[in-house]
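Here you get one chain, nothing else, as structure tokens; it is the form predicted alone.
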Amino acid sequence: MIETVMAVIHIDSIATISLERLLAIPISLLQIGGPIDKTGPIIFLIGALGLLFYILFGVILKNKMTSVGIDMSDNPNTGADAEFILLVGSETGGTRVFAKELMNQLANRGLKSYLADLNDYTEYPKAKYLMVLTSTYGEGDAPSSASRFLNRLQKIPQGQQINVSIVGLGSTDYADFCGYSERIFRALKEQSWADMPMPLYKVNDNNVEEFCEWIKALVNYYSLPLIASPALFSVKPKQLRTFVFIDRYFSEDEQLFRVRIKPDTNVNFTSGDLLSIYPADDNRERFYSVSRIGDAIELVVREFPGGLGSTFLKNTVLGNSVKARIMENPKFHFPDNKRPVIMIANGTGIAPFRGMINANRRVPVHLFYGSRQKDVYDNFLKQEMDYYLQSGKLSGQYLAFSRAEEKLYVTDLIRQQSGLVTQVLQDKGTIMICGSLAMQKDVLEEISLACQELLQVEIQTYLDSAQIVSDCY
């Protein structure tokens, strides 16, 4: 970010100096027919091209700066001037949709508001209200835009009393529902400057009605002129595209299936990114990790009885389409350092790894995969993985089936191959984990034991260096 800002300052300075020098040239020397009438037009041309380059570069740079995180151009005020501070922690962007609508309501009523990521928390000298909206990532972890907030909170106190309210967004499918918002709530409670008469509000699965309960509470506690209408907060992102269903393949028990879809226009994406769909015009997003095979997206899905997303993906007629969007997930892209990679997955967690292995050229890749039934694996994945082994795209494969005669789990595989696991870490390689949160927890515990016993190193070292990355649900 510092480099980006410095680039803006540098380019701006160059443009200013160029304009000053151009304006300093006597007009008579620039006129056609004057003493340098052949060079006058050239000077004008150079100046015009320079200004054009400056404008185009500025547009490109602005787009680059605002493509992730909060779009600062949306703010009508600065953090130093605003009375209402909205801080957001979001991994996929859904929480920002709520925050921007809230900011719009405040602005429409002439109230000075300011919207920023939690990571950008700082002093707000005129703030009267601090509103925190945050999702929770993984098992109670901070989303990427909020990972530094708690540390900054301890270092940056506010100089006046501020009314603080917090809403957490998450899913009750996870054991640590809204866990990160609970951590923030407790940390803010300890701040002497934070007045917190409101309890922590929690929202399941981006439920608009539940979110509006928090808005109603803001109205009741503080008499704020806000409208708690679900319709106002039900706006879908504008960047939705059309994706067409082109193929589908079922496992032997038909509980797992692969679905292949293609965008109707060019879309940049890679394996490990996320596809967000709105099934049956429902306003709640469903996220799926994608595999890129050629120019198409492939998902691996398990059908849940009554599950709107999985049922929609299973039953939609081939040739029909769905409105969806691709969200970059750079933390879970295949590493480009040419170091060895271990992929650990269970169930549908195999999805992004299929595309990564398919695109692999020379990197040693080892797959640890767990499933319930061997027959399902044989019918659903074996032929594909055998091809990858024969072609050298996959260096090794280790399988565990929990309902086979010899019951094995992924953690058993890691214990058996602890030497390989620790060697990859020593070689500066990467371990990637995708699948259920329960599996992730057990896997990390097993890797931790291996690191302590064989390397005398704590697993946190490899987590901090991003040699161990996860995308679990």
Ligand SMILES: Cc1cc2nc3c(=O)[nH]c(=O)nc-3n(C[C@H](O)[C@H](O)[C@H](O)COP(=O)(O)O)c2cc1C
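In case it trips you up, residue 1 is the first one in the sequence shown, and so on. Predicted, not measured: the structure shown is a model, and the values here were computed from it. If you superpose the two forms and keep the largest set of C-alpha atoms that fall within 1.5 Å, you have the rigid core.
Omitted from view is the form predicted in complex with the ligand, to which the following refers.
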So which of 375-383, 106-114, 83-91, 157-165 is the stretch with heavy atoms within 4.5 Å of the ligand in the predicted complex? 83-91
Find out whether any non-hydrogen atom of L118 is located within 4.5 angstroms of the ligand in the predicted complex, and reply yes or no. no
Is N75 part of the interface with the ligand in the predicted complex - any heavy atom within 4.5 Å? no
With a 4.5 Å heavy atom cut-off, would you call N346 a contact of the ligand in the predicted complex? no
Would M356 show up as a contact with the ligand in the predicted complex if we use heavy atoms at 4.5 Å? no
Exactly one of Y137, Y201, F368, Y124 has a non-hydrogen atom within 4.5 Å of the ligand in the predicted complex; which residue is it? Y137
Quick one: of Y129, F332, Y174, F243, which gets a non-hydrogen atom within 4.5 angstroms of the ligand in the predicted complex? Y174
My question is whether S144 is one of the residues whose C-alpha shifts by 2 Å or more between this form and the one not shown, given a fit on the rigid core. yes
Superposing on the rigid core, is the Cα displacement of R183 between this form and the one not shown 2 Å or more? yes
Has the Cα of L394 moved 2 Å or more between this form and the one not shown, judged after a core fit? no
